[in-house]
Structure formats: structure tokens, C-alpha cells
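What follows is one chain in C-alpha cells, specifically the form predicted on its own.
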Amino acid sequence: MTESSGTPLLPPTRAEYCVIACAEAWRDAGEVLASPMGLIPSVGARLARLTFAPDLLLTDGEAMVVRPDGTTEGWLPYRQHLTLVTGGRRHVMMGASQIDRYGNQNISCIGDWERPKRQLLGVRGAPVNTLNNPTSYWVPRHSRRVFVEKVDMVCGVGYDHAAGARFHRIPRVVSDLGVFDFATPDHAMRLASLHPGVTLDQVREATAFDLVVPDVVPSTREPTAAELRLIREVIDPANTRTREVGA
């Protein structure tokens, strides 16, 4: 792989495959508010806006719509933000302390919620997010402690608890090992792709429930030379992405 100048590019890192996988969550999204949470989802959303999703709206998290470089593009009053949130016009990518086979997410506590072993962030806006607009998830460390048989507390609502929710949808879960979706008859989690260098046995060993695995598991797509240039030179020249996933 080379740049337009002919200079050879270093191969993509695991972190860069994760960026690509997160960016793909917003492909064909149209004019929706992208709300990425975390370094790699943020790089991914900006990459999507600069390439195949030019209609995405990015926010500074307060009251402004911003360009990929962070400069102000418009004003987003809170009342309008809530309209987007509750009307299916936002696609958020959240974190998950626990996530189960049907996409239920926990960020509140570990153990019985009446006497938890560990207190986490709290439920926060997860129920509203997941019931009212598409929600994807980013997990930088795929393990059996995160990918659990059943979450200790439902914060983000999964497919088995979302009956009648008009805008509920979980497009994808991205981890440092691969990409997962719910494209199965009962909306059980399915392995959609493996990041290069990761084996199916690694994913199974790091997951506490039986994943749906297709006969042929593709690799997460390669970034183009132009995308790598944008990631490395324009969006994240300080290489902050490796703080969440090693090189």
C-alpha cells in the first residue's frame, strides 16, 4: 500500500482496523447526529464524515455542531438535540462494562444492584439512547468479564427487552478482536468479522456465551491509503488511538 506520492505506508495497526470498523457504523447513515464516546469511535466518526458519510453531524458535546477539525459549523440548542435523540436521528456509539448475547449493556454496577461489588458510571442516558435511536458499542478490551452471558443490570436495552421500541437498533459492536452484529433470526450476537491477526478461537475464549458464527468469517476491511493518511496525518497525528488499543 502506498500514498499517492508513491511513498510506502506502514501496514495498518490493530487500532486503525478498529477505527475503520467504528467508522463503518455510520456508513449510509445520512444526516444524523453522530455521538461517539471514546477515542477510537471519535476518530472513526470524523473519518466517516471526511469520506463516505459527508452528511453526518458532529457535535462538541455541548451546544455546537462542529466540523471534523473541531471548528464550529452551527448551533445545536438542547431542545433540538433532544428531538434528534428521541426521534431516531442520532446514532451513538457507547462503551459497555458488560454486554450480553442480545445486546443488553451495563455501565451501572457489577453484582446485585442492591449490594453491588463495584459501582460504575450509573445508568445515565443509556435507556433513552437505546430505545430511541440506533446505538452501537465500542469495547477496547474484549474479555469474558465484558462479553457476559447475562448483564448484572440492563442499562442499554437489548433486543430481548425492546419490544415496541420504534427506533431501537444495534448496528454493531466493535472490540479490539472483531466486529459483531445481531443479524440472526432471534437477534443473538453474531461474529461479523475478525480483525487481521485474530483467530476465531481467541474470540470464543474471550466470550462467555456462544456466539453465532457463520461458515465463513471475513476479515475486517482494510483501510485505503487515503483513509490511513487521514487517520495518521489529519485526524489523529498524535496517535491517541493507541491509548485504547495497542499498535
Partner chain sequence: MSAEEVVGRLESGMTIGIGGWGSRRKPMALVRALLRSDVTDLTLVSYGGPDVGLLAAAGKIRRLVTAFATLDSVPLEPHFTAARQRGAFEMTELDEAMVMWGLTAAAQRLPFIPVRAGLGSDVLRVNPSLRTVTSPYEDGEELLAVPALRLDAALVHLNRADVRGNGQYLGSDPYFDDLFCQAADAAYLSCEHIVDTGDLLKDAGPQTLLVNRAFVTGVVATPNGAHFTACAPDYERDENIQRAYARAARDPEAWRTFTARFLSGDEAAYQSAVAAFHEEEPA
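Numbering follows the first chain given and starts at 1. Only a predicted model underlies this, so the values are computations on that prediction, with no experimental measurement involved.
In what follows, reference is made to the form predicted in complex with the partner chain, a form of this protein that is not presented.
S.K.: Could you work out which of Arg169, Arg141, Arg124, Arg144 is the residue within 4.5 angstroms of the partner chain in the predicted bound form, going by heavy atoms?
M.R.: Exactly one residue meets the criterion: Arg124.
S.K.: Val65, Ala192 and Arg204: each with a heavy atom within 4.5 Å of the partner chain in the predicted bound form?
M.R.: No, because Val65, Ala192 and Arg204 lack any heavy atom that approaches the partner chain to within 4.5 Å in the predicted bound form.
S.K.: Is there any non-hydrogen atom of Ala96 lying within 4.5 Å of the partner chain in the predicted bound form?
M.R.: Outside the cut-off, so no.
S.K.: Does Thr71 make contact with the partner chain in the predicted bound form, using a 4.5 Å heavy atom cut-off?
M.R.: Contact check for Thr71: no, nothing within 4.5 Å of the partner chain in the predicted bound form.
S.K.: Contact between Val92 and the partner chain in the predicted bound form at 4.5 Å, heavy atoms?
M.R.: No.
S.K.: Can you check whether Leu131 is within 4.5 Å of the partner chain in the predicted bound form, heavy atom basis?
M.R.: Although the partner chain is absent here, Leu131 would touch it in the predicted bound form, with heavy atoms inside 4.5 Å.
S.K.: Under the 4.5 Å heavy atom criterion, name the residues of 150-185 that approach the partner chain in the predicted bound form, in sequence order.
M.R.: Heavy-atom contacts within 4.5 Å come from Asp152, Met153, Val154, Cys155, Val157, His161, Arg166, Phe167.
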